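Read on for two forms of one protein chain; each stands alone as structure tokens, with the labels structure 1 and structure 2.
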Structure 1
Amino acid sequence: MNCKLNTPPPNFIRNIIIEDIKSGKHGGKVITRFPPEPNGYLHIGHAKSIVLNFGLALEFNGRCHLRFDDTNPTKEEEEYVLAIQEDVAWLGYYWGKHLYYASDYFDRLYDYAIELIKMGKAYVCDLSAEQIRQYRGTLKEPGKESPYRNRSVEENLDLFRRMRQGEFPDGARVLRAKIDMASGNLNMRDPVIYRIMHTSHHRTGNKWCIYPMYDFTHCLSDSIEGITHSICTLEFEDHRPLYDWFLDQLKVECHPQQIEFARLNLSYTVLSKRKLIQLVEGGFVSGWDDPRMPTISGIRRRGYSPASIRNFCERIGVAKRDSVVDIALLEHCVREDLNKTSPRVMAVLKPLKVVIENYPEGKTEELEAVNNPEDPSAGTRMVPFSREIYIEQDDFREDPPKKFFRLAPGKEVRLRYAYFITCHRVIKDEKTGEIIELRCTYDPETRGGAAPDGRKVRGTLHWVSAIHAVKAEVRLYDRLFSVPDPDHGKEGADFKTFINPRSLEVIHDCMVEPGLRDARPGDRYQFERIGYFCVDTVDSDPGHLVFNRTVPLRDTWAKIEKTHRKGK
């Protein structure tokens, strides 16, 4: 793990670990794990688990394993394995030699299953999946025992071995744990621990045609690896008795402690893998790495920084109850980090040409601009200025409303790092009446943006020199959903009906200052007065610059917090 450790806020999991270390439990060791299933791409919710598991191991001088729960070959692919490793490393964590797969333990898991059968604690069941569900009962009614529950140990051993040898078709038989069909916890009502699947595995090939279930695999994989604290989300709370049951029956040397915490729920977002797949396969987004997606690959492409994600995960903390986090907090953390680290540049998204009539034709001068006022060590750069420049169309009004402090006929404004200019004439397209050019004059005594006579102007505009500007494509990304809770936006409505039709606006003929000509994919900038942007890592190349808007400058979370403090 190579991530810099900040002092984390206290939480109940840290407190448990601290007490375990004091008591000498597990020999004072802390070994955690992050166990994703390689059947899709990781999202921001997984980032919370990654930061928690790797962060705790780092804090207590332990280690965190990356282990792939690859027990369902019908849904798992090597593509996902590689993507998950890239995402974890991008967040700033490294597992070293501790990269594992549940499939590493298939032989040992099979032996454990044989041991349970010999103990009379597991049996082969011929009920179909539907019949097993019917026999399980409900929360109010006990389950009914399978007619195959009392097979002899010898018969169960024979049938299970024949299952492994491929003698039976998919779904014909399963291996179940023999626990308690009257248990108040449905997970303890003889759960399935092996099923038949004649499917090639991405690592073991065709060696196996039976595969273990998650509940059986997970606890034993933890034990095999010597995990001390098995940290998972709240939906596994009811599975903890089963986790402990398997380890207790098999009398393993290492019995990890399962601890549950609340998963991340984010407003204006869906984090269900099933729903994310629908977005991708339905063409609502361009892919798993679409910058509107909450996947780690998507937010990385959008320009979020690893530090901002780690900071966000630390700020929301670790709770025992589910809640919804305002996406404005995530955007605030991103903005807060980028404000410190992103160079400032000038870019004009919707250009309007300005001709400065009293500026000498053919002249170009270099003006000094600050790279980042938050970081004096970032220094300055030189930007070219000439007779013709571009400003934003929205920075001019022919008939301005009150409190419009930008450019208008007869009005004087400041050009950032340059001069005061005054608009004198508006040129329009004869056919459409569209404003296509402004004619202005400048005050040569105001170089650098200040007047020697002390006069003030209220408007400051960004700009680029027309003859030096570099053309670029800019993609303005917004929230993918238009309602805070797309999962439950309206009773009975499909979540896809709440997709924001304005979640992406593409602008093709933007103009950026010439220093961005050599910008590389992944580089992040603040476009002054506009927002934070990142060079797209997929579609951008030296001949076609593409910038993705990461977040706007407007910080709604800071406003929320300010209002909250005033309320107190």
Structure 2
Amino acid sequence: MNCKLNTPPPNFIRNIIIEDIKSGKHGGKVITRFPPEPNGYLHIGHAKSIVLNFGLALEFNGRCHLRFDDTNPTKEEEEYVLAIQEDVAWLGYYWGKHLYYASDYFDRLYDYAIELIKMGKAYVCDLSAEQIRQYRGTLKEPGKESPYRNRSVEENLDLFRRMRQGEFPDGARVLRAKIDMASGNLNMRDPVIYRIMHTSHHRTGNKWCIYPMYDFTHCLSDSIEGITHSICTLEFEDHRPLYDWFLDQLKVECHPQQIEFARLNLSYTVLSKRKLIQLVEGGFVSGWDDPRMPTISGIRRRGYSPASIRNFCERIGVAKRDSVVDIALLEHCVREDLNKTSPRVMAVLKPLKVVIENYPEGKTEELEAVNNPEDPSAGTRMVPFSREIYIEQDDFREDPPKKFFRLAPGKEVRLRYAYFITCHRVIKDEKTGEIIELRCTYDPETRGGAAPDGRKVRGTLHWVSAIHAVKAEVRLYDRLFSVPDPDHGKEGADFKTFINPRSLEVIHDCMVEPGLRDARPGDRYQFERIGYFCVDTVDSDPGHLVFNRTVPLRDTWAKIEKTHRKGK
């Protein structure tokens, strides 16, 4: 475990656990579980659950199991179980030997079902799916009892065994719990607990042709593993009576407590599996790991650190009310972490050539640059400087507005770690009028960036020596959606219509300092004055560097300019 734990803020689940420990419930133990269905990729919403479950286990000296809820072979695949394990591990959590599969319990679950039948608490029903739906009644009207509800135990036993033997086709019969067709809670109206599926399972192969349903499987799996607190999301609140019913009927030795909390919603994105699939399959993104996706793999590729995700999940809190967390908090969490850990480097995204006329031609010198002002132990590096350099196009204005502290005709600025330069001439393309080069002079007395005469300059620019520069491709990622709540657009507009057309801008001829030549996939940097970037793990290679922008630095100037424009 590599994550520190300052005491997390209080939340109702933690409070329940503290009380339970105090009262000696469950022998004072805390055993939780994270139970994903391996039918898709994990996203930031799952991270909330992972951090909650593993975090609680860690805090109270218990343990957290990783259990795959794999009871529906038509939807689940091995590929997902591998991806999920990778994501949980990347987040920094270890389940150790406690890796389980609901499918490991199929034999025991079958035995439990037999037991239920013997108690007269379950029966085989021959109604079709459509009929079962009709018999279930509606939200306001009670259901009707199935004509098969009162079969004898012997007949039920025989039929259920034959279901297992494969004597019946898919959908022919199901095993149902005998509870209450008039219950206000539809989950209690004789829920199906086993269905016939002649489908091979990614782990049990063709051993089974009947598979247990979630409600029956989950509570018993929890019980088998000795889970103390079974934490799930709000939509399962209605299932709790059923969760408890099975455990009560079967007189198991361990009866975990199910506790529900509100799932995470994040502004400017979507988190439902169904919608994420549409983004992938519709080609709106490059895949599940597209850096704009809220999936763990996407976020990872985007350059977010595991620590920042954990921190985010702890800060958003855990409660029962529906809420939408501002994505600005997530962005704040990455900046906060990356600020302390990322080496600084100079990179020019949109280069503008600057010729320093009074600097000797052919001369090169090495200037010392600090790697991370937040971390002295990161040391320093040498950066080459020469007569021709690149600066950011945005750092020059021929006609500067008020408070523009960067370069302009006649203005002096500091080149970070280098010299003060003053702009004397602007060279433009004769035809287009586009600025193609600046002619400047430098003050040799200001080497390193300090003025011996105490002269102040407000602006400090990053730069890259032209002959030493390394070219790179940079991908500027932005929020995937242009509205805070794409899920609930006006008039039920499809969420895809809110996709931010500028969520990705690719820049091909960026100039980065030479030390970056050796950057490895996944390496994270702060491009000074611009933002945090990481080397793309899929498309970058030594001959063609590709950087992903994780998140831009806070840009006060952009804000000033914006409000200025609005105000005038």
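Keep in mind the model is a prediction, meaning the values are calculated, not measured. All residue numbers here follow the sequence of structure 1, with the first residue given the number 1. So that the term is clear: the rigid core is the largest set of C-alpha atoms that superpose within 1.5 Å between two forms.
Number assigned to the form predicted alone in this pair
Structure 1, not 2.
Core-aligned C-alpha movement of Pro444 between the two structures reaching 2 Å:
No, Pro444 moves less than 2 Å.
Does Pro384 shift between the two structures by 2 angstroms or more at the C-alpha, the core having been superposed?
Shift of 2 Å or more: no.
On a rigid core superposition, would Tyr214 pass a 2 Å threshold for CA movement between the two structures?
It does not reach a 2 Å shift.
Once the rigid core is matched, what's the CA displacement of Asp399 between the two structures in angstrom?
Comparing the two forms, Asp399 shifts 3.0 Å at C-alpha.
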